[in-house]
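Taking the form predicted on its own, here's one chain by itself in structure tokens.
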């Protein structure tokens, strides 16, 4: 209960800080929505010439973008430090969080909010509505898909950036991993061969953020639900375990002593 209250206090403080600079906050939201819309223009142009790509239509792509954008936006807005956790570790800034109530990882992630994430959330919800899959059961499946995506985004980046406990600064590696995850999550896995699909379900779990949740919303199957749930749980357990293992090596007041 204390952890939940602490989290809400952090989110409230982040929101108040954002509202102190309303113009900048709104600008981030608007430009992120424009950015997403501009990126999606490729599919408008593609489907203007071709009706579908291996069974995927324009409406299906809007659904996929809606799920991925909403998941990313929620993760970025409420747990913004998942994109910079490696810097926090490498620069020895975990000391502050060690003085807070456990769990440490949760407090680190929630202590930062990316205002642009709200633009992704608004865009994602709008894209889902326009996809034509809005119904009471479709909405419930959409929510489940988004929650799984939030978990995958945060867990995957936490795993990569927790390597900072052993390797020092992993900013470059994290950026590459993030770019790969975001890029491949916005393409249907039907475009790829079997080997690539396996990679996108395991090593770089992009399919668990985009394709699998989208297919789950399109048509309920126990297989899709199991893939999403198992994937989210496995990556969450790996992320927490890896962070805790690294935390035991952390030296108070200084990051791991690695010469670079």
Partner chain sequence: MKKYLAILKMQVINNLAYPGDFLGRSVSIAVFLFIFAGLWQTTYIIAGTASINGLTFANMMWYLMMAETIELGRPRTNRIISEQVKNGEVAYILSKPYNFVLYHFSFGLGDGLMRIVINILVGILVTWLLAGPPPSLLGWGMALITMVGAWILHFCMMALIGLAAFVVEETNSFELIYQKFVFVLGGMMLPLDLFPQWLQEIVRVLPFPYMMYAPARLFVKPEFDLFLQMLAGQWFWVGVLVVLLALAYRGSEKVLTVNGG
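Residue numbers count along the first chain shown, from 1. Quick caveat, the model's predicted, so the values are computed rather than measured.
The same protein has a further form, the form predicted together with its partner chain, not shown here; the description that follows concerns it.
Although the partner is absent here, residue 58 lies well away from its partner chain in the predicted complex, with no heavy atom inside 4.5 Å. Contact check for residue 135: every heavy atom lies farther than 4.5 Å from its partner chain in the predicted complex. Contact between residue 222 and its partner chain in the predicted complex is not found at the 4.5 Å heavy atom cutoff. Interface membership of residue 63, defined by any non-hydrogen atom within 4.5 Å of its partner chain in the predicted complex, is ruled out.
From the list 156 to 164, 121 to 129, 72 to 80, 184 to 192, the contact stretch for its partner chain in the predicted complex under a 4.5 Å heavy atom rule is 184 to 192. Of all the residues from 56 to 84, none has a non-hydrogen atom no more than 4.5 Å from its partner chain in the predicted complex.
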